[in-house]
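Just the one chain here, laid out as structure tokens, in the form predicted alone.
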């Protein structure tokens, strides 16, 4: 567990969503004021979706937002399980972020071509202003899974044999996800408790490979957090 990790334990996934939503809006305001734009990497999952539905009703200088995705499933672009489709339906269709500033992962091309294409996008974007990440029951984050070996110098990875369907995916690398001014983990649910415990004990999980220079903020609900550790 990194020393620069700040844990925010909240009562419910709804409270986690509100706290992260407020943190994002504050970061966007600061980034736009200081640098003229806000570059954020979005996560998939049910609790991030709650965050996006809150953002859809918010006010911000949307013309200065740039949207990226941490990972994507290799499925048709209109498939219900695509992260990009969830983000469009819960957030992007309700705000005025220019389409040219939304960078979906072309995972429909397959892992290799999708990863190569998105590596160019990531290279141009770095450093990010904020990265949102979740965590799976096995300690995976984005589509970085335990036991998978990747070239640590790559900005994106072609992912095969995912333990969760579908087996083929594209993911931003740990190296690129670490190149951000702010990193937020969003973790909810009792099914995450064992992975959270292992992470806090220092196990070598994918979540532990994201190592930004600045502090990490972990927003977690009481169900996922083991107070007894």
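Nothing here was measured: the structure is a model prediction, and the numbers come from that model. Numbering follows the first chain given and starts at 1.
Below, we refer to the form predicted together with 6-phosphogluconic acid, which is not included among the displayed structures.
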Tell me which stretch of 128-136, 94-102, 113-121, 146-154 has a heavy atom within 4.5 angstroms of 6-phosphogluconic acid in the model of the complex. 128-136
Although 6-phosphogluconic acid is absent from this view, report whether residue 200 comes within 4.5 Å of it in the model of the complex, heavy atoms only. no
Could you confirm whether residue 142 comes within 4.5 Å of 6-phosphogluconic acid in the model of the complex, counting heavy atoms only? yes
With the partner left out of view, is residue 46 within 4.5 angstroms of 6-phosphogluconic acid in the model of the complex by any non-hydrogen atom? yes
Indicate whether 6-phosphogluconic acid has at least one heavy atom within 4.5 Å of a heavy atom of residue 164 in the model of the complex. yes
Identify which of 192, 64, 50, 175 has a heavy atom within 4.5 Å of 6-phosphogluconic acid in the model of the complex; exactly one of them does. 192
Mind listing which residues of 67-105 have a heavy atom within 4.5 Å of 6-phosphogluconic acid in the model of the complex? 71, 73, 83
